[in-house]
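Form predicted alone, single chain, as structure tokens, below.
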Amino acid sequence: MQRYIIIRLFHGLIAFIGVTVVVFSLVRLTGNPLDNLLGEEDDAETAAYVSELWGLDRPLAEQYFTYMGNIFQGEFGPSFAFDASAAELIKKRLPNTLLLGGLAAAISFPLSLMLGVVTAVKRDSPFDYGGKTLAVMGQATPDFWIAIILIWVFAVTLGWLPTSGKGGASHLVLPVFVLALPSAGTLRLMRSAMMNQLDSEYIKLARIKGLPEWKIIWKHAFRNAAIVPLTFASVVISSLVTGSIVVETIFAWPGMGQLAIQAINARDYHVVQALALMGSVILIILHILTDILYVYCDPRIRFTKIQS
């Protein structure tokens, strides 16, 4: 088990380094930040001074290694557009995004797994058809459309909930619901996996032996079926936790998604790199935890030879 975890951590480190290279390269293809830092009245001498001040006159390789050195020291560089460092901006916005995405993940994922099990057990029933309809609608309907409709109905027409901003618990209802709905795809995966398990031979044998139905479903079938939606769930939860740009923009939620839009428009290299790095680290950590959960659900995985 320890060897398995060490190998997965090593793979995560390689992925992290790869992400830093890709992000560092891509953000510099969007344009020169001097276009935003300088005004029309600034001359070439001012441009050279600002370029040297921000380190933009150095070779790209030197900028990258400086960037990596700052990362391991916990520094992400100063912001071009905001009167703060990238680390300070993320420290201020990250709790808001974690609150929003964490609530959405805590509600949607367990509920989707439970509904997936129930719809599989009660296949071809009205409950099953309702669950499948909810899952398809959650995956197929665009976030921005759902958000606009909910604002129009519950905020503008009925006046029950606020339209945007961060405040009390009422400000969380609409954005959390919009974020949580697309993760209903986990319901479909769980239902399909459970149906395969319930039709397997070991389940038939357990029923012949007279085991209680609840134990067959939740202790045996659920544990083996949970492997399938875990991968999908890790991607969905990571997107919820790192923040949705669309949802945070529509609801004016002061999180990392809204900050990303502002930084991209301002060509703020350091902030964009820091946000991409933060999201990538969360995604890598969740994938490692998912691999560990694989082993818990099916101990045979740890004995599988890992291909290089």
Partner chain sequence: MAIDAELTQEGIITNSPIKKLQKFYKGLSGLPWIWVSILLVVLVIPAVFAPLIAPHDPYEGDISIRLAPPVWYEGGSWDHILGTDRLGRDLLSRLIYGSRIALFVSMTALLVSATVGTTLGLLSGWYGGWVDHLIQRLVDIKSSIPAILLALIFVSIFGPSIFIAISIIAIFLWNRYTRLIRAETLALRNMDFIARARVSGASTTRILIKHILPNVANTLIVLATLEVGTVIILESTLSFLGVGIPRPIPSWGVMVSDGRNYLAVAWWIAILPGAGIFFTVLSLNLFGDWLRDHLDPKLRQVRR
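These numbers come from a predicted model, not from an experiment. Numbering follows the first chain given and starts at 1.
Although not depicted, the form predicted together with the partner chain is the subject of the following passage.
> Could you tell me which one of Met68, Val246, Ala48, Leu60 places a heavy atom within 4.5 Å of the partner chain in the predicted bound form?
Checking each option against the partner chain in the predicted bound form, the one that comes within 4.5 Å is Val246.
> Just give me the single entry in Leu111, Ala84, Ile149, Leu99 that has a non-hydrogen atom within 4.5 angstroms of the partner chain in the predicted bound form.
Checking each option against the partner chain in the predicted bound form, the one that comes within 4.5 Å is Ile149.
> Does any heavy atom of Leu158 come within 4.5 Å of a heavy atom of the partner chain in the predicted bound form?
So Leu158 does not count as contacting the partner chain.
> Whether Ala169 contacts the partner chain in the predicted bound form should be assessed with a 4.5 Å heavy atom distance threshold; does it?
So Ala169 does not count as contacting the partner chain.
> Check Thr141 for me: does it contact the partner chain in the predicted bound form (non-hydrogen atoms, 4.5 angstroms)?
Contact with the partner chain, yes.
> Does the 4.5 Å heavy atom contact test between Trp253 and the partner chain in the predicted bound form come out positive?
Trp253 lies outside the contact set for the partner chain.
> Mind telling me which stretch in 102 to 110, 69 to 77, 200 to 208, 129 to 137 gets its heavy atoms within 4.5 Å of the partner chain in the predicted bound form?
Selected range: 129 to 137.
> Do any residues of 261 to 279 have a non-hydrogen atom within 4.5 angstroms of the partner chain in the predicted bound form? If so, which ones, in sequence order?
Heavy-atom contacts to the partner chain in the predicted bound form: Ile261, Ile264, Arg267, Tyr269, Val272, Leu275, Ala276, Gly279.
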